[in-house]
Structure formats: C-alpha cells, structure tokens
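A single chain, nothing else alongside it, follows as structure tokens in the form predicted alone.
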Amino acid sequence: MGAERSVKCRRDSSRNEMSLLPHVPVMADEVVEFFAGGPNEGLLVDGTGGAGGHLEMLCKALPGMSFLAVDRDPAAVSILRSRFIDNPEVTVRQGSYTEIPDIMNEMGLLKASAAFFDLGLSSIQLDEPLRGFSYRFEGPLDMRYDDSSGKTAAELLNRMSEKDIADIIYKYGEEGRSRRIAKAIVTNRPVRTTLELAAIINGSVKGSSFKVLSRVFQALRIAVNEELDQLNMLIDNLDSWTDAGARIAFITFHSIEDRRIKLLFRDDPAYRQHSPKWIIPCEDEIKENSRARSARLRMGIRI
C-alpha cells in the first residue's frame, strides 16, 4: 500500500483563507505542488473551474502562466467571471471539458502546458436545493449541470424501464440492491422530488441507507450528465491539445472514474505516471471538509 499512494497534510495561510469560502478546494496544496514542479509559463487549463478555489491558488503559484477556466455549469461560470474579473491572465468559458479543443481553437491557442480536472461536485451544486443533486434537501429531481439542455433525473426515472433503472444504479452506483430499488421506484412513480426519491430508497432497503442514498444519487447524476461518456471523450482527445511535457492532474471521487484515470496514466504510452501514483487527503483535511473523504489525486506527464 505504501508504494501505491501518498497521504500529505500541510497547512498554510492560503488553505486557511480558502476554508472561509463556500467551496473548499480539495488537496489544493498537493495540486499546487505538482504543477509548480513543471512548466512555469504557457497555458494551464482548468477543465472543471467550479468556484475557482484551485485556480486562485494556481494563479498565485504560477505568475508566469495564463489560464483558461471551463465549466458546464452557468452558475459556476458566473462565479468564476466575478472572481477573476481583475485578473487579465484568466479567461473563463462555459462548456464541457470535451469542448476544450474547440474553445482553444476559437481563442487561437495551440497547446496547453498543463491541465487540471476536479471531477467532484461542488457546493454550487450540492447546497442549492433547486438543483436536485442532494438527498438532504427538498427540491426538484433535476441533477443537470447545465439546466438549459438534456433530461432531468425525474424524466429519466419516470420514463425508463425497471431494468434500465436497475442497470444505471448498478453500473454507475455500484449498488448491489439495484433491482430492489428500481422496482420500488417504478412502483411509486411518478417521482418528482429529491426527498420523494430518498423516501422510496429508504423504504426499499434495510438498515442504514446513507451509503445507498449516496450511490443511487451518484448513479443518476452520472447518467443525467453522461459523465463517463464525457470523461472518455476527454481522455481520447487529451493528447491533441496538450504539449509535450505538460503536467496533467485529476481529482476523482468514485472508483469508476478513478479506474479510468488510473488506466490512462498507467497504460497509455502518451503519458508517464507521476510518483506517487495517487494521493489522498489527510485526516485533518477530511475533518475540516468531509466531502474530501473519498477524493483521490492522480497525476501524469505528457510525453
């Protein structure tokens, strides 16, 4: 185990400042350390800009670089633009990270010297009941990152067959009681709100349902936003817009996406796996930010 991963924990004033913000960037010091060890000029692409916590620290650590922040969520884009309005080195664009090559081409940019992706949900999504991402709040069962397009989670659950719902829960949530849960959902349709769905899940399983709720909501979110298809498209095209020597880092929050990143850096000849192979947050960080508990940082270098 020791050869496979590393646990780091350091404190500095920038981390303490970040803890006052609504969204606390996970393993921010470790991310900064990784990128600071690479090119100190060129373009760094943050493909999941979110609230800009990681990006702000990277801007401070890499003053010689320019930055492109991309996010699917219009709310995140609005926050990013406000946060970096006075920084001419930061450009913000709305879109999926699969659209980064088109965005760079539109801006006349050829290659990136670094790329960063935080694949987790942010507080922008989780703490807003109307977004429908959390089973802790009453809200419409939406779960779309971009609410201007695509089907909501409610639309999927109320139209799909029991088998297809079970397959989503099992494949994307890795939940063994998927058939039982799917049957309960179909029996109780229509399902319109987050708490309605949570009650159906609670009623279909015995014992503590916290992990089951997390898995089912994760599975639906992945399906609604086609996250794994998007991730595969990103990985397939990553070498087309990153330069030789580019440093690339991913923070993952569940085993499905983490396995995909592991295979990228381990098996793709276009990349060299950085050592250590992966890093997890230390206990102190998890105590301060419970959402960091499942995070894993993987890093690689474009050959």
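In this text, residue numbers run from 1 along the sequence as written. On a predicted model such as this, the values are computed, not experimentally measured, just so you know.
Below, we refer to the form predicted in complex with a small molecule, which is not included among the displayed structures.
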_Non-hydrogen atom contact residue 115 with the small molecule in the predicted complex at 4.5 angstroms_ = no
*Look up in the predicted complex whether residue 209 has a non-hydrogen atom within 4.5 angstroms of the small molecule, and give yes or no.*
no
*So, in the predicted complex, is residue 91 in contact with the small molecule at a 4.5 angstroms heavy atom limit?*
no
*So in the predicted complex, does residue 120 come within 4.5 Å of the small molecule, heavy atom to heavy atom?*
yes
_Stretch in contact in the predicted complex with the small molecule, which is absent here, among 211-219, 150-158, 71-79, 177-185 (heavy atoms within 4.5 Å)_ = 71-79
*Taking the small molecule in the predicted complex as the reference, which of 51, 261, 246, 43 has a non-hydrogen atom within 4.5 Å?*
51
